[in-house]
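We give structure tokens for two forms of one protein chain below, kept apart as structure 1 and structure 2.
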Structure 1
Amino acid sequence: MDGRSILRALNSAQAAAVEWCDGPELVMAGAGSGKTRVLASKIAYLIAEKKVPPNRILALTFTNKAAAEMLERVKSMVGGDLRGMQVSTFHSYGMRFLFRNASSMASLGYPSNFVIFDRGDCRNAAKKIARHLGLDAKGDDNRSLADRISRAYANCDPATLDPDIEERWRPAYDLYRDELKRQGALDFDDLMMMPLHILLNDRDALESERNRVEWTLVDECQDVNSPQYLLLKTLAGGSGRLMAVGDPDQSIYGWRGADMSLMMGFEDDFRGARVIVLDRNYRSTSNILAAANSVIRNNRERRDKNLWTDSAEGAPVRVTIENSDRDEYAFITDEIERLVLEDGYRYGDISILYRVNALSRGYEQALLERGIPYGIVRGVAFYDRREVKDVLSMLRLSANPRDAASLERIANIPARGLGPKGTARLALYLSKALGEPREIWGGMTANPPLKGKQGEGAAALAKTMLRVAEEESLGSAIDFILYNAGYEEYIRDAFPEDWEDRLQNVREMTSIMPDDGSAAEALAQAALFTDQDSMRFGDSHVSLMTLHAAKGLEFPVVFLAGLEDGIFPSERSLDEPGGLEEERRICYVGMTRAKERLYMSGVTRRVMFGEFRTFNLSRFISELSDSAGAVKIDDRTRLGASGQARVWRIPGKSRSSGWWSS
């Protein structure tokens, strides 16, 4: 496609956003207005029309899946060779940057084959430190030390990068940093902070990165936190070749330090910036849009937008209130069968969205009983799966003998007589060992640093690590671990029911690891994958996922389930400043995923964590009242059926249940 045809597929405001390439640009627009489409078109336009080499374009998104989709969209527009074009998450960009800048890393005291600690590894490290200092990490706010450290980063001082941490946690914080460094490890936050540190302190590194990245584009920029925003400023501050797109009404990662006021300050931070507003929604029927608008309108902290659509009214948004979760399951599964049999939808058109993973089981079970095929996105890091993590730990340790977290995990898998004490001594030995990994493992095979049975175990471990390090590719290293180092047998014994699935998960690792870059880089990349990234349900499965995982996606049919106060909005959110408004934005994100049919359901009694609990309906349901014409409500609770007026308990106001019956 040439520049012209790229623009022709857009409306005039969208085309203007794509065509203008003379400075920083912010597209601030509502859900389904084509932000992501504009971003992809801009990349295509830069390549096709402005002849920007693909490898000088950096596009940043929030999930690997979104990155993969973006790349596909651009490919379909410009075809050809996009090699070297970086479409990635912030984390993944940071990680690659650090591998490229190995010498800067070395001067900061990190090995070139550093490893990434996932949340579990970090929590373990933090726990040990808290114990060592005799700290009760859980303060009044019941946060873990790892959580505190992570927040301190996300809320750092943008000028100095100083973490925002209370004095009494400072020693723990410092020890934590030292401990990770000692193990040659970085945590997820480091993947943003270290590149910033290097870029801000090393003019050459900054210069060369600015040469590499001519254009920076970022999707979902309402969810950037301070360090991420600072990165954008640092990379694009000079040239102004930056496009950011986002929707403040969809900012849903406040708990991770996302700060939508950053986006609001864009015009001040980037001189000469142009702000473009898109107000036409292409995704949803007008009923769905009206209902979504009537909910989000209740937020105080927002700029009002006037999102409109040319699409048909469509079916009314259906709200169903049931007596119990069982009834809700029956309603949803009946309706799915009806949609498929009578209305011509495919299972793949349908999704069920909920606020928390804990709710997924019920829906899953109900679909299973009806024989409806489904796929579920648990949002679990792929890396967190037991078997994947074991094998990755072996690969990691073989490449970086200082990685004590991995050593602890797999020293005795499969059993080789290495107990906790022996393992601790081994870790100490390895933290001081000098030389290349292969030399270290070779030396340890010949002269294990432990005696007796433990010594035999250490030698056996070292031998395995040496062989893994000598394999030519990650694939063959994984095969070696499975079939020659006894892991297949181990997993069969440990998980007789599902060892085959687990084996499959390990094999899948090779397919998701990038094949460019070094083995250390591929391993680091693996830490950033979640099962969301391998979501490929296609046409044949109903998709189940949390509302957070659904951001940016769209489905012809959406069931937004579990609308009960305490679940959605969540109990915790009600105690936090701005918490309720963030929950409302999450609700808005969920509703605006729907293209043609939107169902919303809540119950008065639900089994949660094994016990029956009674609920008030979510206040978001009562907020639909403003769009009464677009919404149809079935109240099937006994109270409703008896004709008694029901009062929703909504703080500050109470309302009889009659508002929708007209």
Structure 2
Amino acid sequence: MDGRSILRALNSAQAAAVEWCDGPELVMAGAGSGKTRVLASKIAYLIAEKKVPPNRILALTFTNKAAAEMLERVKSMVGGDLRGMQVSTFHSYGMRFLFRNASSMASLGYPSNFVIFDRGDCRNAAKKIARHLGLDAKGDDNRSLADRISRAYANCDPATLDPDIEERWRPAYDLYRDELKRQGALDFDDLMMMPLHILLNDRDALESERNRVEWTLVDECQDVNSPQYLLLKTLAGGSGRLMAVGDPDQSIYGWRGADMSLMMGFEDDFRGARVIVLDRNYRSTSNILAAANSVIRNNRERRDKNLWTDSAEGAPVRVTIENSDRDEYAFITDEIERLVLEDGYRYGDISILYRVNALSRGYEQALLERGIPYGIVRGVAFYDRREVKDVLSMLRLSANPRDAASLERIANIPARGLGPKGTARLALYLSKALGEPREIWGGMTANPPLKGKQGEGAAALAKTMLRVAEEESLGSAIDFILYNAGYEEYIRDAFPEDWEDRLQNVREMTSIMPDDGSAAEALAQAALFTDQDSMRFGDSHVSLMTLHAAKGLEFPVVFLAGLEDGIFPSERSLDEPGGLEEERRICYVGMTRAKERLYMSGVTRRVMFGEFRTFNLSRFISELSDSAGAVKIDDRTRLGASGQARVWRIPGKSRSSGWWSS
């Protein structure tokens, strides 16, 4: 496909965004406006029309799933050999940069085969340090030490890596950083801070990286944090060959460091930047968009944008107000059955979204009692599953004997006589051992560093690690662990009720883990995969998930439930600067997941944490605009059991009691 063909397949605003190549560009892409299509088309246009070599294009996003989708779209447009094109997450880019710059890592005290500690590994390390120092790990504001260290590190000066942290936490911070270095490990924050540190202090590395990258494109720019944004500025330099795509109205990750103001200030940082707004929606009906627009326009920190569509009006957004959570469950399950039996929807077309996981139990129980098939999508990393972490730890330890976290996890799995004391002695020995991994494990097999049963266990572990390290591929190494090292038998005995599912999870690793690059790179990459990268939605079940987990997804039918002040918006958000506006953006994201039908429900009484609580309805419901019949309200607390629906007109609203005058 040539450049003209690429542009003809787009609407006028999309084509303008793709064709502009004369400087930095900011694309404000509303929900459902085709941002992935625009990004993929831009890459294809650069290759086909501007003759930019694929290996000199860097496209950054936040999930491996999004990166893979973008790459596939580019392939479908330009074909040919796209090997070397860099389409990845920020963290994957950082990881590969560090592997490419092994000499710089060595100067900082890290091995070339470093491992990546996941959140669980980091928290465990921080807890041990807190106990060692006699600290209250959660501190005054109930923030864990690991999170405190992460914030201090992410906000430090990357040129010096000197954190801004309270003096009482500084010893713990220093011990944590030293402990990771001792184990040859990095955490997620390192994957941004270390590349920045190297780029800002090593002119040759900076020039080399800029020569590798002619164009940089970033997706979901509203979700970048300060280090990620600084990385973009550093790579772009004065070239201006940068395209940033995102939507401030969908910025919902402030709690993990995302800073929407960075995207809002893009034009100050990149002078002469062209700004293009994509506000034509290809996902939702006009009634759904009218309702979503009426909510989000109440935010002050945003750029004016009004989503519109050429599609039909569709069904009005249905707002249902119930007396109790049980009544809400009954309404949702009744409506799901009606949608399937009468309107021809499939269970897989339907999703129930809620603000907090604590609400999921009630919806799950109601679906179970009705015999409606469902699946819960949780924001738990694939590699946080116990059996997957076990096997991953064996792979990591075989490649890096200094990895004490992995050793502690699997030293006695399967049982081999290595208790906590023996494991601690073995960890101390391995931290001082010299040589390549195979040399260390081979030496231990013949001459274990411990005595008696502990020595036998250490030798058995070393023999397994040596065999794993000698396998030619990760797939064969995993097979060896399962079928030759006794792990399949272990999970059969330890988890008789679901051992087959656990076995399948381990085998799934071979299809998810990357097969390019070194084994060390593949193992490091594994820590960066999440459930969102492996989500699969079929026709067979209703999906239940939090609103954060739903980001980037879409469903024909969405039930947005639990709309009560104190739950959504959350109580905590009302006291935090910008908190309410972020909650409103979360609501907007949930509403714009719906393609054809949107239901919004709230109750006046709900059981929370074992007790009845009374609520005012969410202020987001009161912000809905009728917009010529776009919203229909069914207030069962006023209408009683008849449940007769009526169109909601809003000549005036009263917030004093949490109800409305109409």
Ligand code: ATP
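Counting starts at 1 with the first residue of structure 1 and goes up one by one along its sequence. Just so it is clear, the structure is predicted and the values come from calculations on it, not from any experiment. Just so we're on the same page, rigid core means the largest C-alpha set that superposes within 1.5 Å between forms.
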Of structures 1 and 2, select the one representing the form predicted alone.
2
Core-aligned, does Gly371 move its Cα 2 Å or more between structures 1 and 2?
yes
I want to check Gly94: does it shift between structures 1 and 2 by 2 Å or more at the Cα, with the core superposed?
no
At a 2 Å cut-off on C-alpha positions, does Tyr229 qualify as shifted between structures 1 and 2 after fitting the rigid core?
no
Could you tell me how many Å the Cα atom of Ser601 shifts between structures 1 and 2 when the rigid core is held superposed?
2.6
Using a rigid core superposition, the C-alpha offset of Arg613 between structures 1 and 2 in Å is 5.0
